[in-house]
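The chain that follows stands alone, in the form predicted alone, written as structure tokens.
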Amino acid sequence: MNGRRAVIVGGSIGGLFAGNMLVQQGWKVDILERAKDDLASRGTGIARHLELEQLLKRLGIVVDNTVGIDVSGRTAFDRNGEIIVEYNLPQRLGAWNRVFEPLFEKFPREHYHNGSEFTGMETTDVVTKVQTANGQDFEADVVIGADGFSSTVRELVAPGVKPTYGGYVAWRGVSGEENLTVEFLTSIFSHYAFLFLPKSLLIGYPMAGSNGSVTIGKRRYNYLWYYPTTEENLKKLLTDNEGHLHENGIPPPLIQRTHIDELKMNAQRLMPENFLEAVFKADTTMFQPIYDVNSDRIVFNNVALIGDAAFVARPHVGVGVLKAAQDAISLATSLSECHTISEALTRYEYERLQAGKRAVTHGRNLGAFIERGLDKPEDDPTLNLPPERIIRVSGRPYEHVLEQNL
């Protein structure tokens, strides 16, 4: 299928993985990204799974020990800040932009269109005309929806599939290592930490500095605090000082100061002293509403959904970037190896549909105690979520959990 044309809606990691693979295979590819600015400044910490590194290498992207910080395992802390259990699992923790940037640099710049908002598409015979808000049209043999949890492509082809709110948000913050105390650096910084708090869970770990540095003194600390929030309060969090509701996520600078102050008051009330500066010394603070997206189909004629446009698994699973990459590689490989587009998209859906459903189910289970307002995850034994299991199965592909019977 050399010389075929693909239009990818969404210029984040999934879209760039698919775009770069298809370009390698001789396709003409245009990526439409609605954001006008560079995406590299977005995102915080991620787990760099071995599978992700292998997929990057397939694109010729160099992966070495400078892309993240190695930790030896996971550590569970109780609400008094004391270690209760540890689990040995060597892992590399990195920053989102260290995956995005090399993918972005590799893709042909003239075919990456910032400020191009997808508005619709029209298929005539076998060619689809993709339309944008600025009036520019693109012709495609295949359209790939890689535009995230609020996907406009999914809304068009599968309007019945809606994100479902999980009843809590993930507050996130990043601190420069140079701003943290010696006590914090000595006792907390190097841990991949799980802090079990009343009706909530905080996860914290080191990550590379803003310039990608992993040198001691130049790194950062990233925390993620899953905190229960009603739908009514979520709307307040998503509303800026001008009264505008940002339904698909509010930019961090527009979060009302009163909400940041309330976050710190809650931290002071619930968090042990040795973890407080993770919240109080963060240079940036943001939050992510926790949603599920569970699809029964991810292919519609010549349209394929990948990444969060197809499925959204809660970040407890820690495979959002990996899943988007796996979807993209599966789709591109199918288009390379099959004789027709229809055959390729059928194969792609067969390979990735159940994997997406398993990830969603796994994420729902890991967050069920917060969603249900349980004081501790082990309060309902049927969930099978004692702290020692949570630290084993979180932040890793569900296939590992099944293979090792965790």
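A residue's number is simply how far along the shown sequence it sits, counting from 1. Remember, it's a predicted structure, so these values are computed and weren't measured experimentally.
Here the subject shifts to the form predicted together with a small molecule, a form of this protein not shown in this document.
Screening 332 to 340, 159 to 167, 256 to 264, 116 to 124 for residues having heavy atoms within 4.5 Å of the small molecule in the model of the complex returns a single hit, 116 to 124.
324 is the sole member of 324, 278, 290, 144 with a non-hydrogen atom within 4.5 Å of the small molecule in the model of the complex. Among 96, 194, 171, 138, the residue placing a heavy atom within 4.5 Å of the small molecule in the model of the complex is 96. With a 4.5 Å cutoff on heavy atoms, residue 55 does not count as touching the small molecule in the model of the complex; it lies far away. Not displayed here, the small molecule is kept clear of residue 18 by more than 4.5 Å at the level of heavy atoms in the model of the complex.
A residue is said to contact a partner when one of its heavy atoms sits within 4.5 Å of a partner heavy atom; residue 30 fails this definition for the small molecule in the model of the complex, lying far away. Taking non-hydrogen atoms only, residue 11 approaches the small molecule to within 4.5 angstroms in the model of the complex. Highlighted residues 35, 307 and 320: every one comes within 4.5 Å of the small molecule in the model of the complex, counting any heavy atom.
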